[in-house]
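Only one chain comes next, encoded as structure tokens, the form predicted alone.
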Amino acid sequence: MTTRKVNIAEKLAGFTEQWAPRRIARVNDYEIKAARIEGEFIWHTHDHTDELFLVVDGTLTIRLRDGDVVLGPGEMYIVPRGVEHCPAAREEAQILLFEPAGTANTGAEGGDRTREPVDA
């Protein structure tokens, strides 16, 4: 990773694959990942860390067992560690994720939707 400024729009324009986070920066032991999402992901938890979602474009719904959180551009939500959640977007949304390095996108669930982030 470099210490240069990061243009989020350029990073998001550099790929089209959905549900495949791209690492765009690091802050201490955390990674900032850009992702394009559409449709519904899987229900999962992160047992050892919170997960921050920040919407850049589109609408993101974070489904929780006790109700949904709907986010638009410029809005963010932190899913507390251990809380089961399921990100979803009816139409493509562009988001940033902030989480410790090495955090699996599928949390404790694992499975065929697990993707290792690659550098954008």
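The numbering used is simple: start at 1 and walk along the sequence shown. Remember, it's a predicted structure, so these values are computed and weren't measured experimentally.
The same protein also has a form predicted together with another copy of the chain, omitted here; what follows describes it.
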Quiz item: Does another copy of the chain come within 4.5 Å of any heavy atom of A25 in the predicted bound form?
Solution: yes
Quiz item: So, in the predicted bound form, is W43 in contact with another copy of the chain at a 4.5 angstroms heavy atom limit?
Solution: no
Exercise. Decide whether E75 counts as a contact residue for another copy of the chain in the predicted bound form under a heavy atom distance cut-off of 4.5 Å.
Key: yes
Exercise. Spell out, yes or no, whether the shortest heavy atom distance between T59 and another copy of the chain in the predicted bound form is within 4.5 Å.
Key: no
